[in-house]
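The data below hold one chain only, encoded as structure tokens and taken in the form predicted alone.
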Amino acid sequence: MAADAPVPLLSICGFLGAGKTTLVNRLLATASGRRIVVFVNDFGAINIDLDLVETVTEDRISLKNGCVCCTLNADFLLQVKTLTRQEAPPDAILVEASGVTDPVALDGSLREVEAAGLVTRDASIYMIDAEQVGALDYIDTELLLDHANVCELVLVNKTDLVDAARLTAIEEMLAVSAPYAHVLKTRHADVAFLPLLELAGMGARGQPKLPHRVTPGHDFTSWTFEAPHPVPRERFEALARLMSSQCLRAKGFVIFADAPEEPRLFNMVGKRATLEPVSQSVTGGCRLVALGLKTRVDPESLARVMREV
């Protein structure tokens, strides 16, 4: 693991009352050994069991599980620099924005932090209160949809407070207004911790480990693929296009037949995908894992694309 490897960062936006703090609480309570730093506008709103608290200062709460809550303020860049350059940097950073924050504006701020080489922005989450949607006026509804459109993952929360017809209407609205966002329906922000991290691309700090089979929750399923030798570039590109239409998240290593000495790291979150060169030794030709909703992932069609490889 490189000492100066950037830390994965996930942002969480949404109107007031959508459930952002509830989601953050779930992540902190089930960190499973991962050291997470959470930047929030007011960490006093985070309901933390006192038994979990190790130290409290003016702008920081340190937890016994290694997680930290910090206030999101003008010194954000300085705080991130301090945390990521310490001897034991965090495994991941979460940023919970204000309920009136524009995700586009927040993205601009995060780009500055990423440009400094401190973090890598893996994905953004937008949370929607299913009950609140119907009560918003036209302008606020349009604003909500504009915000959802720029995020890779949309959580429609509090689905237990609306009937099936309202939920269907919300899904249809998002399908039109945010067609490239993947939508998850939750109650009390009850998305499982590890699947959420997989979807968001938040692996371990530094070069991620080779793909592994995850234990999905919340109606998720995983699909894996391995090839013992380099694969045709056009075949892999066809697979990537198909995965982007079926899966929420995919990652792994690939070596192309026309460039056998240049292993690549493949990362896909929603419709966004990257191929980056890697310096470490990679054996075989391709190792991938993809994660998505059981209702959308068709393992047979994915395998068919690469069957003869």
Partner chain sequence: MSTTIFHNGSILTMEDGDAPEAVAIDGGYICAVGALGDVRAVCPDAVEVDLKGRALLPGFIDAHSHPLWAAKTRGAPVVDIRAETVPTYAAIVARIKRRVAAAAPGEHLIFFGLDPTLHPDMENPTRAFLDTLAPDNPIGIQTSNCHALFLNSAGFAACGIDETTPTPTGSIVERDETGRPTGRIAEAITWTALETFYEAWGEDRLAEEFQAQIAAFLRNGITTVTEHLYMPFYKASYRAALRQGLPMPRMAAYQQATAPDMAVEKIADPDDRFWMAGVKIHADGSVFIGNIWVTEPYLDTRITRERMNLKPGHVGGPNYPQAFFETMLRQYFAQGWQMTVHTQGDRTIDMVLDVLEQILAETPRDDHRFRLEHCALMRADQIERARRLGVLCSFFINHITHWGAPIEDALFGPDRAAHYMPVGSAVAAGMRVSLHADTPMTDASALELVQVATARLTKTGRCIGPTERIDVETALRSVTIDAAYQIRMEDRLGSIRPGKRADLVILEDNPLTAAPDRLRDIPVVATYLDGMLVHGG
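In this text the structure is predicted, and so the values were computed from the model without any measurement. Positions refer to the first chain, counted from 1.
Below: the form predicted in complex with the partner chain, not depicted.
A.B. asks: Note which of 115, 88, 105, 165 lies within 4.5 Å of the partner chain in the predicted bound form, where distance is taken over heavy atoms; exactly one does.
C.D. replies: Here the answer is residue option 115.
A.B. asks: Tell me, which of 146, 160, 75, 190 has a heavy atom within 4.5 angstroms of the partner chain in the predicted bound form?
C.D. replies: Selected residue: 146.
A.B. asks: I need the one stretch from 178-186, 152-160, 225-233, 90-98 whose residues put non-hydrogen atoms within 4.5 angstroms of the partner chain in the predicted bound form.
C.D. replies: Going through the listed ranges, the match is 178-186.
A.B. asks: Even though the partner isn't displayed, in the predicted bound form is residue 142 close enough to the partner chain, meaning a heavy atom within 4.5 Å?
C.D. replies: Yes, contact at 4.5 Å.
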